Ligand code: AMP
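As C-alpha cells, one chain now follows by itself in the form predicted on its own.
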Amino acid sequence: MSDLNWDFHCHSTASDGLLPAAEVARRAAGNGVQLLALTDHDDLAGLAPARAVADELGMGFVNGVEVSIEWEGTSFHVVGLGFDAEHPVLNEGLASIRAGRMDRARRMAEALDAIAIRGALEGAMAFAENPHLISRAHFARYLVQIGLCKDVHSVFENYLTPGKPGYVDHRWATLEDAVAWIRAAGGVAVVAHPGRYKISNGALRRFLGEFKDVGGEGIEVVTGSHSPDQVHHFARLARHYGFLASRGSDFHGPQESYTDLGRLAALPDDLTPLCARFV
C-alpha cells in the first residue's frame, strides 16, 4: 500500500470547504490521488457528486464524514469512513448535530457584536453554501474579508478558539454516540488530526483509550497540520493502541489548507494503513 496515493480527509462547500464536492474530487484526481474520501462536517450531501466524478475519472472513492463531538469539555472530531450513506441511524445522528449549529452561530455573532464587530452572522452566512453547516470557518472568512485579520488561521488564533472573544461553547455529540452511529452504518471510526487538540498527553491517552473501548479503530497519523515530530508521536500511539493508521490532507481549499490534495507524506512503513480496508 506504500505506493498508493490516498487521502481520507477533505472538505467541500457541503460544509466549510471552498470548492464544490465535484471540484474537490476532480482536483484530487488531477493531483494523482488514487483513493479519496470526502469528509464534510456532519453532512453527507457532497458524497454523491464527488463519487460521480471519481467514477468518471477512474479514482477510487470512499464515503466519509467528520463528526463533531465533545469529550470532557473539549471539542474533538471523529472521521467516519466506508459507511452506508443511507443508513437511518447515522443520518438521524448527523441531523441532530446540524440542528444546533445555527443557534451556536447566533451566539457567536452576539459575542462578536459585544466587541464591536457588526454583521458577523450575515457576513458568515454569505460564505456558507449550506446554511445548516455554518461554522467558525465561515465567520473567519468574513473577518478576513472586512480586514480584521490577514488570514483564517489568524482569526482562529485571536477570536474563535476557547478563551477568545468570539468563541462560544456548544454541546456536540458524545464520543460514544458518534462511534455508534458510524459503526451502525458499517463504517470505521477514526480520530481526526490528534495533534490539534489543546489537551495534555495524559488526557489524550485517556481519550484514545475510551475511543478504542467504544469501538474506534483508527487514528490520523499523517495529516496536513502534523509536523514530522507529531507524525512520529502519533505513529507510536497507533502502535500502542493497535489502531489502523490514516492519512488525510484536511484540504479546505487552495488558499486555506496546510497541504493540497495528493501531496501528503507517506505513512511509516510498519503501520497498518487504513486504506487496506477499501482496496
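The model shown is predicted, which means the values in this text are computed figures rather than measured ones. Note that residue numbering begins at 1 and tracks the sequence as displayed.
Omitted here: the form predicted together with adenosine monophosphate. The next part is about that form.
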Quick one: which of 84-92, 179-187, 130-138, 113-121 gets within 4.5 Å of adenosine monophosphate in the predicted bound form, going by heavy atoms? 130-138
Heavy atom within 4.5 Å of adenosine monophosphate in the predicted bound form - the one residue of Arg106, Arg205, Lys164, Arg196 that qualifies: Arg196
If you check in the predicted bound form, is Trp71 within 4.5 Å of adenosine monophosphate, heavy atoms only? no
How about Arg26 - does it come within 4.5 Å of adenosine monophosphate in the predicted bound form, if we only consider non-hydrogen atoms? no
Arg51: heavy atom within 4.5 Å of adenosine monophosphate in the predicted bound form? no
So, in the predicted bound form, is His77 in contact with adenosine monophosphate at a 4.5 angstroms heavy atom limit? yes
Indicate whether the candidate residues Trp6, Glu217 and Arg247 are all in contact with adenosine monophosphate in the predicted bound form, with contact defined as any heavy atom within 4.5 Å. no
Residues from 12-29 in contact with adenosine monophosphate (non-hydrogen atom within 4.5 Å) in the predicted bound form: Asp16
